[in-house]
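Listed next as structure tokens is one chain, alone, in the form predicted on its own.
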Amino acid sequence: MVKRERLGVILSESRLPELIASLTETYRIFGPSKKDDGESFAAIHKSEELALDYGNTKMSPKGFFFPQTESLMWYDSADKKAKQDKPEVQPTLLFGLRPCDALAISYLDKVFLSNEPQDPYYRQRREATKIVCLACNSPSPTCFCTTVGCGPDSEKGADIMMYKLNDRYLMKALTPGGEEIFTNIDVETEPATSQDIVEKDDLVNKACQMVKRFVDIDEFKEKLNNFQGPWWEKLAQKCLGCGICTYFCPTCHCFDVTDEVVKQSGRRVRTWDSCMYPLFTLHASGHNPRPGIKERMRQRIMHKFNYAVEYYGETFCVGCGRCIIHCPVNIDIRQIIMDIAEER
């Protein structure tokens, strides 16, 4: 058991194997895996499988709570039977998330849990999972977290925050869930000192300087009040409407519900959907209020930077840069923000 210290505790890097071994006795652990160079979160059984020096995973960890495809219920009309499918959950630890992904999960919590009725599928997975976040010492060139209210050391959404300090880790519990994790750790640590905090702050400041703050986000948001702005047509000219940006995004949460039926039995399935698809808002009448790329691009940008702020008080972009990296025609959301902000 790790005793709580005011400044946190120091774990020697050499004791990381002991930490993971201790935690696996209580939790199933998922983290950035060396099997794919940290491109995704995979089951971790020992510390040697972790790739903690990764930049960011290709897919965000939102799928742990909101799977790309999941069965909600099954039914048989002939027998007049129906049954809700329930997620199989067990104590889980997401280890080594970047701050932007932890922040994104806190936004999804608002979507699925802040209003009644809560989403029972999301809630069960979320309640069974705790998050250990690893601060960024070397943000990627496509990161712009500081522009949208995040940062290399953002703590929101994390239960424990970790900082890599040369040959050791500074660990700090942020929530009662984080304290619970500490109670399940049987490994030697030392109280953090003021010098450790100075070293941590220096690394965070250097990381923040590496993230270019390229535009006043408030000026950009002010322009979004012009729903018929002339820039929407221009911004949509390159877009293919493939939806890759929404699938890689850690905060996008649109879904479709369909019935897969064979004769008189079937199941109801929820799958990720995208506002970039032409069928997304197609009415049964045949009318589509967003008939073209321009309208769908506008919806995506407005949802993140305008509607989400109105509904939840948050900008639903965490600056992770995934949409920039994976867009097949090199659309850069940073450039979109600049173009709209500078439009006269």
Partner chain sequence: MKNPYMPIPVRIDNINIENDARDIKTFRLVFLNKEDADAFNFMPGQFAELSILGVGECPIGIASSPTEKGYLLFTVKRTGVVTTKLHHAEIGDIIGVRGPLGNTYPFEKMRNSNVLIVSGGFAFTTLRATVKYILDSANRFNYRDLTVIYGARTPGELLYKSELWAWEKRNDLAMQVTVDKGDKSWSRYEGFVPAVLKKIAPAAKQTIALVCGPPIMIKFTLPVLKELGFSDDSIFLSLEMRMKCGIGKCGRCNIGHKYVCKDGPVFSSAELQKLPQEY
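Here the structure is a predicted model, which means the values were calculated and not measured. Residue numbers count along the first chain shown, from 1.
Separately, the form predicted together with the partner chain exists; it is not shown, and the next lines address it.
K.L.:
When the partner chain is placed as it is in the predicted complex, are Asn115, Arg270 and His283 each within 4.5 Å of it, taking any non-hydrogen atom of the residue?
P.N.:
Per the other structure, all of Asn115, Arg270 and His283 touch the partner chain.
K.L.:
Within a 4.5 Å heavy atom cut-off, is Arg290 in contact with the partner chain in the predicted complex?
P.N.:
Residue-level check for Arg290: yes, a contact with the partner chain.
K.L.:
Even though the partner chain is not shown here, does Glu48 get within 4.5 Å of it in the predicted complex, heavy atoms only?
P.N.:
It does not: once the partner chain is placed as it appears in the predicted complex, Glu48 has no heavy atom within 4.5 Å of it.
K.L.:
Is Asn205 one of the residues lying within 4.5 Å of the partner chain in the predicted complex, judged by heavy atom distances?
P.N.:
The answer is no: Asn205 has no heavy atom within 4.5 Å of the partner chain.
K.L.:
Report yes if any heavy atom of Thr193 sits within 4.5 Å of a heavy atom of the partner chain in the predicted complex; otherwise report no.
P.N.:
Output for Thr193 is no: heavy atoms all beyond 4.5 Å of the partner chain.
K.L.:
Looking at Ile217, Ile185, Val111, Leu165, which is the one with a non-hydrogen atom within 4.5 Å of the partner chain in the predicted complex?
P.N.:
By the 4.5 Å criterion, the partner-contacting residue is Val111.
K.L.:
Between the options Glu222, Glu180, Asp201, Asp259, which residue brings a heavy atom to within 4.5 Å of the partner chain in the predicted complex?
P.N.:
After the contact test, the surviving option is Asp259.
K.L.:
From the candidate stretches 129 to 137, 152 to 160, 249 to 257, 98 to 106, select the single one in contact with the partner chain in the predicted complex, where contact means a heavy atom within 4.5 Å.
P.N.:
Only one stretch passes the 4.5 Å heavy-atom test: 249 to 257.
K.L.:
Would you mind checking 34 to 49 for residues with a heavy atom within 4.5 Å of the partner chain in the predicted complex?
P.N.:
Contacting residues: none.
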